[in-house]
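For reference, the chain that follows is the form predicted alone, supplied as structure tokens.
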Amino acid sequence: MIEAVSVTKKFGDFTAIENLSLTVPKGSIYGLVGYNGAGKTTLLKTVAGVYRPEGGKVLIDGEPVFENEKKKQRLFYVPDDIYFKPYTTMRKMAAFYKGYYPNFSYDTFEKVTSLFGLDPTKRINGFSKGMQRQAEVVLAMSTMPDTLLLDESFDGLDPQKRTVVKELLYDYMRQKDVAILISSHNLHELQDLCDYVGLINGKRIVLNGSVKDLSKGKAKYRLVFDRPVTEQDFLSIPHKRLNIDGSIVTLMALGQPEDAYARLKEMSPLLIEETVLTLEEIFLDEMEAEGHEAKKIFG
């Protein structure tokens, strides 16, 4: 489990994150979302024990992580700005990490390298940006960590490789009961992957919770009618974001989804279908409820 409790990190007079708290239970994936410069990297490096916080504390399975060698041997941090020494290969890096991570698995290394179609004997600096990210994911998984931190790790990957990485992370989390914290400036990258999500904005987590809880009491519907309809027809149904395009209607219904569906069905549409809310829709709705200015983040 990852616990950040009232964490503050400063660089001289500049405060990067302030009084920030989050929890990532074992057996879950937490998505940290925020624009570039919002503090995501600072938080991940503080959780990884690279930085010592000026205030608060970071615990991994109940233990402080800073200057805790034993705990760091079970933790792996994949940075946004990946660096490999000139002329090094994946095999050489595997041998290097084996010296620091007692649980390093060459079997996992070979299998995941093959999964990505990478050549472990070639120089990594000759790889494309996306291939270098894949190489670092391979090495990260091969250390068999209990805690995995990934900073913008989908950046530079093509859609097919993004799907592979997501499936790999999900399967590893489920099988090994680990805690995974992954940051991104793109909400869509984390859709259908995370159990928990947090929005960092202006040094703080402004929204935080499980995807299930954040979407509770909200349902999105698409309806098709054989007649014209107006906003007046939907006054008895608690809703927001109503959009009417001829005979096609989309809206977000509030309250119990079962009640909303029953009321909409009473309107006798030709078609009624419930669709899953995207993370962006969930965040926008929650931010409006909390009085935050969504346009500053998503605009």
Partner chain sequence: MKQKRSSANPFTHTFAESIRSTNFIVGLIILLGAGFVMVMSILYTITYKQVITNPVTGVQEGVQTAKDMFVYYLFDDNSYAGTFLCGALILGGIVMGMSCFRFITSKKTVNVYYSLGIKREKLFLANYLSGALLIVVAVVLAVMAPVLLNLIYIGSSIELWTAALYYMMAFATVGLFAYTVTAAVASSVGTVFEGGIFSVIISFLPTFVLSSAQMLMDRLVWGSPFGKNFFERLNEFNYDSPSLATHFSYFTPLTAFLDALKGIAFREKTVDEEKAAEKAVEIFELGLKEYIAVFAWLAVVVGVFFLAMYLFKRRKAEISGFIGTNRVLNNLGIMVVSLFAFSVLFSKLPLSTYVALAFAMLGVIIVFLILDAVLRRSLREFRKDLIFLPGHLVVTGLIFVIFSTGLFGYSTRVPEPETVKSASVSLVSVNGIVGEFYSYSSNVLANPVTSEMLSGFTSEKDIKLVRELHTKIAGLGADPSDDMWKFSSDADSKRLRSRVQFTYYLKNGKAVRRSFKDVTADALADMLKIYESDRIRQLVDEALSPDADLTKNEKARALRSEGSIFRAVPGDVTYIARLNLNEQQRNDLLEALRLDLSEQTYKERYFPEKSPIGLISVLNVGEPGFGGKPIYDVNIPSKPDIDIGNDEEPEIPASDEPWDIIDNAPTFETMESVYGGIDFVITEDMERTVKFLKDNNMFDAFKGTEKKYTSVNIVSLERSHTFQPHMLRYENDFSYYVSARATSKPKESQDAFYYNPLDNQQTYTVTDQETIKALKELSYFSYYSKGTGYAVEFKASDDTSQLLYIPASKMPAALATAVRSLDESLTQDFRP
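Residue numbers count along the first chain shown, from 1. Every value quoted in this text rests on a predicted model; they were computed, and no experiment measured them.
One more form of this protein should be noted, the form predicted in complex with its partner chain, which is absent from this view; the next part is about it.
No member of the trio 201, 274 and 282 reaches its partner chain in the model of the complex with any non-hydrogen atom inside 4.5 Å. In the model of the complex, at least one heavy atom of residue 50 sits within 4.5 Å of its partner chain.
Contact between residue 170 and its partner chain in the model of the complex is not found at the 4.5 Å heavy atom cutoff. Proximity of residue 259 to its partner chain in the model of the complex: non-hydrogen atoms within 4.5 Å are absent; the residue sits far from the partner. Proximity of residue 156 to its partner chain in the model of the complex: non-hydrogen atoms within 4.5 Å are absent; the residue sits far from the partner. Of the listed positions (225, 104, 116, 221), a single one reaches within 4.5 angstroms of its partner chain by any non-hydrogen atom in the model of the complex, namely 104. Of the listed positions (245, 67, 266, 63), a single one reaches within 4.5 angstroms of its partner chain by any non-hydrogen atom in the model of the complex, namely 67. Heavy atoms within 4.5 Å of its partner chain in the model of the complex map, among the stretches 69 to 77, 180 to 188, 159 to 167, 212 to 220, onto 69 to 77 alone.
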